[in-house]
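Alright, two takes on the same chain below, each alone as structure tokens: structure 1 and structure 2.
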Structure 1
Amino acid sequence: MKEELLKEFDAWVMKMSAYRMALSLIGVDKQTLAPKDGAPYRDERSAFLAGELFSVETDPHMAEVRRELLADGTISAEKRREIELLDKEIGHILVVPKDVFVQYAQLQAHAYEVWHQAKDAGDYSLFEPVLKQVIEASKKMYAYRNSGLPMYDQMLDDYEPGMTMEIYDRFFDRVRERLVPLIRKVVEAEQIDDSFLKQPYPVGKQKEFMNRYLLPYLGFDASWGYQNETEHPFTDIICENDIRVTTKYLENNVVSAILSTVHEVGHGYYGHDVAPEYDGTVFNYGISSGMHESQSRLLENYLGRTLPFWEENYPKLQSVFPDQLGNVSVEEFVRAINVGRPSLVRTEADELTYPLHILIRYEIEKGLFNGTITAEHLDETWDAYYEKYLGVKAPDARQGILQDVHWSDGSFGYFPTYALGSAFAAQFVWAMRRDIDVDELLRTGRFAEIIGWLKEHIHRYGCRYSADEIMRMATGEPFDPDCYLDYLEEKYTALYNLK
């Protein structure tokens, strides 16, 4: 009887994964290759397949199978966790009436269009009414859960299981206390010349460096990973052994495509390196947004921006761009790619100031859901925060409140995971450096051994364990934001010769 139910459960997981694979592939294709005129025809059919997936996910019979399995004291701890993970995810869907769900999806699509137009026009007032609608609709959706928890806590938990405002407050308080003064010192210090990074670097040559040197150095293997170009770089995990990453080349920025690729390859390894015994199971995915972001940022910032990384790779970059970089030393290059400078746009922010972009969004989101901030004139609130924390003011909403797509989508609670990812990464690197000589491995092209450490301590578990459990197993400690802030302080104190 139990065996029958387990078989049914596994078949159901497989069934969902088939629809998800198809939808992922349709999505990647749409963003890379698909002819635009086919979009309405494809979208209608994708929506149908998404509906089929929804029906499979919310199948009441499978809810019953899960209930019976959970009531059985003899199932393995692993199976119990698989079931619980899905039960939680699907439970959130099941409580919402289908028509409310459909209305919400329609509102999301509409809000995306309006956001796009408002951004093009640089006019927040166009977006304000629909943002209000999205906030109200989100509140309505979450109210069905009837969990008794503060609404924003529920949102935070959706993207980062276990996280609450209480924990994030402690984290962002430390970020604020330590980074705001540090950034002030950096702004007042003697500035680093990074102008040579912004010369013309022909894209064809950038691609040559990418394909001939960078991807092989990273060990990103065409037999399981594929790179393409898109307007906004992303990583999509189609299924086991099939990872698609994209990048964007900028003619006047030699490091943009390189570091964004290192970043995406970090996501890619996390997707690829889950243990084979979890193939086809619920565990075959990253545990949370923050954990995923920790792996991409670890590669991008904690490896890809270091001197040892470039000791190996810079001579190759110079050989591709002798005119532009022939007279720039590797030390000058590495200093330039680490410049810290307050700016307006999150996706272009540097490692030092990035967490404050997130802090601002966190405080605004929290305010929107505890009633202390409203969508009314939210552009002004936004600008005031940027002024306060980063000392910069957007010339228009395009570079201000309208820069990110997330809120049009109702993705409240997502942003904080970006900063958390950097902080997780700092602690993982701290532990990794106890075990292996990271700098020596970077310097001698033994990148695979670094990935090996990550695989052994993080990637292979997929979502078998929680982020908190993985942090404790990998580092021997609970998550500690100061590990991250110590790293930033040390790095930028040295870089800018601060007292």
Structure 2
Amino acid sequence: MKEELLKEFDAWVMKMSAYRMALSLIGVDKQTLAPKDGAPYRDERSAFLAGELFSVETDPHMAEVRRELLADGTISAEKRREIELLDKEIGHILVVPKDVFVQYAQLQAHAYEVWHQAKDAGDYSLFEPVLKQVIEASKKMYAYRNSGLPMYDQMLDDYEPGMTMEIYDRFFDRVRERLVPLIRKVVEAEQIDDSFLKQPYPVGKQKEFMNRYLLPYLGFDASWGYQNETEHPFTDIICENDIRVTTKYLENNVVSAILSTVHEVGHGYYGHDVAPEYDGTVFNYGISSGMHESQSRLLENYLGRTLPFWEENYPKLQSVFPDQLGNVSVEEFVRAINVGRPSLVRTEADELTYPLHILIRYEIEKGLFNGTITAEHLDETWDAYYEKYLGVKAPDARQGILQDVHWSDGSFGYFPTYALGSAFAAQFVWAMRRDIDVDELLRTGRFAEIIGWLKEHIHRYGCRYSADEIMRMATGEPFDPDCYLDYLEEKYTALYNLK
């Protein structure tokens, strides 16, 4: 009896993965190559497919199958964990009427198109009405859960299980307490020259460096990985051997596409290196956002901004851009790509100020769902927070409230995981450096050995274990945000010769 139930369960999981694959591929296409005028047709049919997936996920018979399996004391701990994770995920949508779910999916797709148009125009007023709709629709979706928890706590838990406003408040209080004074000292210190990074760097040449040198160095292989371009870089993991990453090239910022690519490849490796038997299951696609961001931020910042990384790669970049970089030493280049300076755009922010970009978004999201902030003139609220924490103000909404895509699809509660992931990464790197000579591997082009450590200690498990369990398994210690803040203080105190 148990074996038959397990076969039925696994067939159901495979069927869901087929729908998810189709929707993922459509989504990647939508944000990269698809003609914009075809959006209404695609969006309507994508919403229909989402509705069909909804029907499969919420099949009452499969709910009974899961109940029977969980009541069987002989199923493995791994299979029990898989069923429990799916039960939690599906429980959140089971209470939502199908027509409401499909309408929400269609609204998400439409809001993305409107966001893109508004960003191109730099005009928040174009996006404001649909953002209001997304916020209200999100509230309606969560209200169906009838949970006793605050709505924003539920959102935070969806992206990082176990996280609440109380926990994040403590985390961001530490960030504010330790980094705001440090940023002030950095701003007042003698500044590092990074002007040579802002020259024209032809995009065609940037792509030459990317494809000829950087992607091969990272080991991002065309047999399982594919890179494209988009307005807002992202990674989509179709399966173990079909990883789609994207980047964005800026002619007057040569480092942007490079570090964006290193970041997204970090996400890609996580999906590629999960144990093959977990492909298509919740153990792969259900990895918490904080854990995923820990791997992308680890590659981007803890590896991609270091001198050893560039001792191997900088001569190649110089060969592609001799006029711009021929007289710039590798040490000068590395100092420049680590400059700490308050700025407007999160994705271009340095390590030091980045957590404050996230803090701002966290405070706004909390306000949107506790009633202290509204979407009405939210661009002005955004600007006020940026002036308060970073002392800068966007000249237009494109560099302000419209810079991120996340709110267009209702991803409220996601942003805090970027800062959390950066903090996770600091502790993982500490443990990795204890075990292997990371700098020597970087400077000698043995990047695969670094990925091997990450695969062994983190990637292969997917979300078979919780983030806290993986942290303890990989490092031998519970999560400690001071590891991250100590790292930033030590790095920027040395970089700017602070007392």
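Since the model is a prediction, treat every value here as computed from it, not as a measurement. Here, residue number means position along structure 1's sequence, counting from 1. C-alpha atoms forming the largest set that superposes within 1.5 Å between two forms make up the rigid core.
Would you indicate whether the form predicted together with a further copy of the same chain is structure 1 or structure 2?
Structure 1 is the matching one, since it is the form predicted together with a further copy of the same chain.
Taking the rigid core as the frame, does Tyr217 move its C-alpha by 2 Å or more between structure 1 and structure 2?
Tyr217 C-alpha, core-superposed: shift of less than 2 Å.
Establish whether a shift of 2 Å or more occurs at the C-alpha of Glu136 between structure 1 and structure 2, with the two forms superposed on the rigid core.
After core superposition, the C-alpha of Glu136 moves 2 Å or more between structure 1 and structure 2.
At a 2 Å cut-off on C-alpha positions, does Gly280 qualify as shifted between structure 1 and structure 2 after fitting the rigid core?
It does, since the Gly280 C-alpha is displaced 2 Å or more between structure 1 and structure 2 after the core fit.
With both forms put on the same core, how far apart in Å are the CA positions of Tyr386 between structure 1 and structure 2?
Spelling it out: core superposed, C-alpha of Tyr386 shifted, distance 3.0 Å.
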